[in-house]
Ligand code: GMT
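Only one chain is shown below, in structure tokens, and it's the form predicted on its own.
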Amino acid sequence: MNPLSIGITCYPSVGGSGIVASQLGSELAALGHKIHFISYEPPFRLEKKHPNIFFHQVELNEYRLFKYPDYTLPLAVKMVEVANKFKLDIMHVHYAVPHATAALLARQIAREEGLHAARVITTLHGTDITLLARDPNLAPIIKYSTESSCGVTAVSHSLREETIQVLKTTKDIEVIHNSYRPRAPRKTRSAVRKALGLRQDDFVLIHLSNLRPVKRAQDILKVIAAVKDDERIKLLILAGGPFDPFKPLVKELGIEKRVVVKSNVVDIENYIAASDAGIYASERESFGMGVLETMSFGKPVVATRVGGVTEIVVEGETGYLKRLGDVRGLASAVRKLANDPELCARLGAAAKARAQDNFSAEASVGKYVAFYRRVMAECRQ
């Protein structure tokens, strides 16, 4: 089949949606499709040197007329320009607002001016539904942007059901789970641990997130405090957001020597490979990208039983799931893994196999390409 020309817009900052969009673009480019990223800066972890990947920067103007700089309108204008110049087949946007809103405006402008108009596909990642769609000031535009898109996908069955419930929508929503292609570590386990000041016999828990309140990092710190009688158990946080707000709690809990924080890490493979298990205590997760990344390296995961996490982790087979806020239960599961190396290795091997079998990049990209072509056949340009 002929290669596609696809525009992708996502938030370029550290976060699951931007990482997923960047990886998807890279995978599509490797298959020969032309990928045009449109945003205010290059997405985090984007492989910009690939010959099939192009970046188009949206310039933000801070006119004194506006109290706050506007992004939606200049984004829409840039989308019109790129879609027409490169004859984009698809404009794949991640998040309903402002990206789908801007893409739909761009499509309308292009059609009225006789320019090439790309078909809009919106991927819902969670925050646009779990948080923003519950705001009466945003709900109508989120519903409109979702229902007016040529095609809509959600990253989990959990999010699909919540979208239907919150928006009261009858729009068809395709579930395409996030995927992850792990890179081979370039540093040895011992070298990474030495650089972090960790002992080779430490049992290292890893947590990857942007540390937003919904991730409940405070619960994870309380878990470490609950097991601090075992001096082998340490916590490594790969932070996509500021850790400073949590430092007083770390001091209060007396776990300063148990917690290591690394910020804005690109080579996550080196750190996950050097860990022993993952820990996640979110109150909401539409998918759980950090969970999948951790499992992909053969590490079992201890997490809260919420949202899309339940579609990734199999209780007792690839890790353990506990109710939200159950610090004692999370700590008990951590102790169980730390005290039984054979159990930890067995669950870790099962976690890796599940990640490969159910959330591979090949399977996800294949589903997206099939969805693109179906939308192109069904949605009038």
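Sequential numbering from 1, following the sequence displayed. Everything quoted here is computed from the prediction, not taken from an experiment.
The following text describes the form predicted together with this ligand, which does not appear among the structures shown.
- By the 4.5 Å heavy atom rule, the three marked residues 111, 122 and 145 all fail to count as contacting this ligand in the model of the complex.
- Of the heavy atoms in residue 88, none are within 4.5 Å of this ligand in the model of the complex.
- Using a 4.5 angstroms limit between non-hydrogen atoms, residue 284 touches this ligand in the model of the complex.
- This ligand in the model of the complex is not approached by residue 22, whose heavy atoms all lie more than 4.5 angstroms from it.
- Although the partner is absent from this view, residue 304 stays clear of this ligand in the model of the complex, with no non-hydrogen atom inside 4.5 angstroms.
- When you look in the model of the complex, the only residue of 178, 149, 163, 275 with a non-hydrogen atom within 4.5 Å of this ligand is 178.
- Shown without its partner, this chain lists 296, 153, 210, 270 as candidates; in the model of the complex, only 210 has a non-hydrogen atom within 4.5 angstroms of this ligand.
- Annotated contact segment (heavy atom within 4.5 Å of this ligand in the model of the complex): 125 to 133, selected among 227 to 235, 125 to 133, 244 to 252, 112 to 120.
- For the stretch 212 to 232, the set of residues having any non-hydrogen atom within 4.5 angstroms of this ligand in the model of the complex comprises 212, 214, 215, in sequence order.
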